[in-house]
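First, one chain by itself in structure tokens, the form predicted on its own.
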Amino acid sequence: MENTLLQKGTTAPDFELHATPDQKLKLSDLRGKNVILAFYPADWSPVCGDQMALYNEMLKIFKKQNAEMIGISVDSKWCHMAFSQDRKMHFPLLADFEPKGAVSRAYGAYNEKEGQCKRALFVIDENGIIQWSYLSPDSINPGADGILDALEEISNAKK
């Protein structure tokens, strides 16, 4: 039974995951900011590397929209650290490692068959409500257009 991706209007489930081997990040600590969650299958896979590199390049644009970028996969905190240093990432990669996939399951973004995250995107507003979600095939980089549109919609709604 595949779980369904959480949809717009749903309160984003809170979580606390390792961002580095000795630091954790809690979603609720980011209240007051828009949050982009990018679940992805694996650190060193080519499509994931391209996708995370794209988001890394777009951080300034995301920040202008008061948005924080977060990547999440079931890789360990040590694997994330190596990948992040290798690719010079400037946003946290969180380890949904133990219990494996618990956070991605809560968001409907866990692939039971493969034992890894699906390639899923969420834009969460300042109040912790999901404003946009998207499931992409594992082999396709979803890019950033949907994220930018969702952030623009949030900013227009406040005007």
Partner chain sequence: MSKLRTPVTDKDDQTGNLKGKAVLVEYGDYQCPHCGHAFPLVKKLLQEMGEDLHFVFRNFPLSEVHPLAYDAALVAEAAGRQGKFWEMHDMIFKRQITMTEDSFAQYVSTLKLDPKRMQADIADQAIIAKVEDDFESGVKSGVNGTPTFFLNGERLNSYDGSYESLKEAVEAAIT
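Keep in mind the model is a prediction, meaning the values are calculated, not measured. Positions refer to the first chain, counted from 1.
Omitted here: the form predicted in complex with the partner chain. The next part is about that form.
Student: Going by a heavy atom distance of 4.5 Å, is Ile61 a contact of the partner chain in the predicted bound form?
Tutor: Heavy-atom contact with the partner chain at 4.5 Å: present for Ile61.
Student: Can any non-hydrogen atom of Asn56 be found within 4.5 angstroms of the partner chain in the predicted bound form?
Tutor: Yes, Asn56 lies within 4.5 Å of the partner chain in the predicted bound form.
Student: Would you check, heavy atoms only and a 4.5 Å threshold, whether Arg31 touches the partner chain in the predicted bound form?
Tutor: Result no; Arg31 lies far from the partner chain in the predicted bound form.
Student: Going by a heavy atom distance of 4.5 Å, is Asp149 a contact of the partner chain in the predicted bound form?
Tutor: Yes, Asp149 lies within 4.5 Å of the partner chain in the predicted bound form.
Student: With the partner chain left out of view, which of Arg105, Lys26, His90, Lys100 would have a heavy atom within 4.5 Å of it in the predicted bound form?
Tutor: Contact residue from the list: His90.
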